[in-house]
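Read the single chain below, which is given as structure tokens and is the form predicted alone.
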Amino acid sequence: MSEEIGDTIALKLEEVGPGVAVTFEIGMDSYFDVIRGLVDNFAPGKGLKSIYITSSVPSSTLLSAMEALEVNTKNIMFVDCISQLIGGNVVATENVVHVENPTMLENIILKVDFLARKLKEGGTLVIVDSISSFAIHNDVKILSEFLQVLLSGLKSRGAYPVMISIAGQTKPEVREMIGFLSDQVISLQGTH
């Protein structure tokens, strides 16, 4: 992992504190560095548990990659919105709940609420991965409304809401929406 990326993530999230929606705009080459920086460096350092909403990579793939990178996945819960859509592994486990597909936005909010109640002790880091992928599956206006409800709820609970946007894969109207919904947009491109 690039220590610089992990340090940058921790510093930025420490600066803004809980209840502030942050979007990290990243390049694909730093994807796993960013994920590791969030769930293995920042969250445990603050005593946070993580809820990872994935609409781009199945939770089974993410878990395998994290285990290969020696990331402790004990305090990470997944809301997997893509496995069922692509016909992948949809066995619910203690750490994984499934939503039929990334267009079932109300169900995603319900699953996040369920997991947040389940993780009631300590704070929570909630990662939305990725906005670009959600935008493929949803109309931008509907996606904007969903994110506004989700982020408002997380912010009111004092969670750390983090969205991930893949640079170069985000349409201009989606970038505009991200700018409107985020309290801060932080580019991690070129950080190695």
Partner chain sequence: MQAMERKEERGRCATGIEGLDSILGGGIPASNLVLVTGGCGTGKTTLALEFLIRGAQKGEKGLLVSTVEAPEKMLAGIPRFDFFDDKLLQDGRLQLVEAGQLAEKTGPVSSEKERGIKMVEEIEKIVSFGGLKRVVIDSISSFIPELGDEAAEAEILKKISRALYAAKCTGIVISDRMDASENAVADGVVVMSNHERRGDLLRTIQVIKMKGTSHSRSKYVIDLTSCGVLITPLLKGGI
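Positions refer to the first chain, counted from 1. Values in this document were obtained by computation on a predicted structure and should not be read as measured data.
The form predicted together with its partner chain exists for this protein as well; it is not shown, and the discussion that follows is about that form.
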| Heavy atoms within 4.5 Å of its partner chain in the predicted complex: which of the stretches 145-153, 122-130, 62-70, 33-41 has them? | 145-153
| message | Under a 4.5 Å heavy atom criterion, is residue 137 part of the interface with its partner chain in the predicted complex? | response | yes
| field | Non-hydrogen atom contact residue 82 with its partner chain in the predicted complex at 4.5 angstroms | value | no
| query | Is there any non-hydrogen atom of residue 105 lying within 4.5 Å of its partner chain in the predicted complex? | reply | yes
| task | Find out whether any non-hydrogen atom of residue 74 is located within 4.5 angstroms of its partner chain in the predicted complex, and reply yes or no. | result | no
| field | Stretch 94-124 - residues with a heavy atom within 4.5 Å of its partner chain in the predicted complex | value | 101, 103, 104, 105, 106, 107, 109, 110, 111, 113, 114, 117, 118
